[in-house]
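Here's a solo chain for you in structure tokens, the form predicted alone.
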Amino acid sequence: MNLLKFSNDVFIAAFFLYSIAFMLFTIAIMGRKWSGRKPEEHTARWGKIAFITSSLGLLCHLAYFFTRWAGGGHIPVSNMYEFMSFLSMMVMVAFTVIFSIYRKILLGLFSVPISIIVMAYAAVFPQEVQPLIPSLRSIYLNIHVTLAALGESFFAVGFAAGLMYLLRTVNFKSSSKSDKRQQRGVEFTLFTIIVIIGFLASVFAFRGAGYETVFIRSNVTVDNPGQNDSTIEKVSYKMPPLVAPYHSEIESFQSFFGIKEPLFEAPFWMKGVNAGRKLNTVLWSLLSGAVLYGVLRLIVRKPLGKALQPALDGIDESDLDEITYRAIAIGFPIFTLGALIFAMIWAQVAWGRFWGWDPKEVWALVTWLFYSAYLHLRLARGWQGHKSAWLAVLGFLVVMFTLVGVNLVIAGLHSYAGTD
């Protein structure tokens, strides 16, 4: 059997097993009120089945990783598809470790979906095995990327536990200013997650419909408008063009939807034809996320945080606070080794300098400083409860910007990890 084909098959199997596990965790938590058994027995029974299912998914995910490594000839972390696939696997590893320690069924309801979303996001990118560029042909690639992703995966579990803590403890019935701020913060966090889900839904919907618009720009020097040259640039949109690249025109169009003409053109300062496509992606993410959020609000007829809060009844909030701290405390030294120390060693080998203020390097440092501040405030200043939970939530948003925003929006030496 072709190893790469088998790798793709078990990757899909892992995705479906995680999805089934998430549904089982949901049944374990949400179905306890309607079960004929005692709530504790119902939760324990279905939680055990859910954890076994997620563990089977993790085994499939590991099989994907090692067979792709064997079939491709190098560790599969060299582009966005491979890295995000690896990160989702590490999230499940971190979840399995933390779950094995604390045995909190509810953790699966919030951690497993993170892995599912990251896997779905990975599938947006080209999945072919690509030859390594010279700077990636180093043992330090293996160490740097794998340790950094493992550290970030524990931050993800800390984020899940921190968000659970906030959903458990924020007073959604109060109208005081401080409680209102907490309510808006929780709702904004949930909206951010829904924006990501909306983006993924839009991508796969338009991809399944075969949508494509190709823009072309010729005889324009972006830095000096009006000055002609002989260059021709093309960019393919896989989503309807709300915004077109600067000074471009449509070369070809293919769609069943009849959506063709862009609403406006990207401003001049957004250089390059890809800048318009990235802005278009951001706009579609916000639009689809807002629509999905609105639909959910209409269904539940209340803020989503308030609707989710009853699912956490009976959960010890001090346990959630402890899980948040322990997950970040485990992830921080691993992230330090991978994202900073071995990253600088690799930078010296690949580019002849330990530090170069590349955007990815800067944001990795920002992430490290943020979690350093978290641990300092937690241990030296006694920040626990809401303060600790909010830092865990905000910290993971910084992580996601470092992984996604920097790779896909800001140009730098790490741009090789982006999409084509």
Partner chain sequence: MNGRLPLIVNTKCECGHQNPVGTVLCEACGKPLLDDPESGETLEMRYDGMARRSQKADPDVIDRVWNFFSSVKIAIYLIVLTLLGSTLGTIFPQESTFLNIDPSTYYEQRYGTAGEIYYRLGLSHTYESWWFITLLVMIGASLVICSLDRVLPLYKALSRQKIRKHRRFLTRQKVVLVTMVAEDPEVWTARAVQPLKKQGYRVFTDGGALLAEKHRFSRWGPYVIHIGLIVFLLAVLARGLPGLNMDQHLAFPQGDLIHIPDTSYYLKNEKFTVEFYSDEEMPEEFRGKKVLPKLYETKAVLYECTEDCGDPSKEPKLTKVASHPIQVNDPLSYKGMKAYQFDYDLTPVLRSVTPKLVNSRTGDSYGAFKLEMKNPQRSFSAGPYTLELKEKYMEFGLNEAGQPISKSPYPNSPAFLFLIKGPNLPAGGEQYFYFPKQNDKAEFQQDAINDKLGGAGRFLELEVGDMSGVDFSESTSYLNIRVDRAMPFVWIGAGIVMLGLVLGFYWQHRRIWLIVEGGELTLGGHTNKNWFGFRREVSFFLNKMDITADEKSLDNGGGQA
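It should be emphasised that the depicted structure is a prediction, and the values quoted were computed from it without experimental measurement. Numbering follows the first chain given and starts at 1.
Only in words, not in the display: the form predicted in complex with the partner chain, which the text now covers.
Among the residues Leu337, Val282, Ile250, Leu304, the one placing a heavy atom within 4.5 Å of the partner chain in the model of the complex is Leu337.
Though the partner chain is absent from this view, in the model of the complex it lies within 4.5 Å of a heavy atom of just one residue from Ser176, Gln348, Ser236, Asn171, which is Gln348. Among heavy atoms of Ala373, some come within 4.5 Å of the partner chain in the model of the complex. In the model of the complex, the partner chain sits within 4.5 Å of a heavy atom of Tyr102. Mapping the unseen interface onto this chain, Asp319 counts among the residues with a heavy atom inside 4.5 Å of the partner chain in the model of the complex. Using a 4.5 angstroms limit between non-hydrogen atoms, Glu261 is distant from the partner chain in the model of the complex. The three marked residues, Pro134, Pro359 and Arg381, each reach the partner chain in the model of the complex, with a heavy atom inside 4.5 Å. Per the 4.5 Å heavy atom criterion, the partner chain in the model of the complex is contacted by stretch 328 to 336, the sole one of 201 to 209, 328 to 336, 285 to 293, 162 to 170. Residues of 104 to 130 lying near the partner chain in the model of the complex, listed in sequence order, are Glu128, Val129, Gln130, the criterion being any heavy atom within 4.5 Å.
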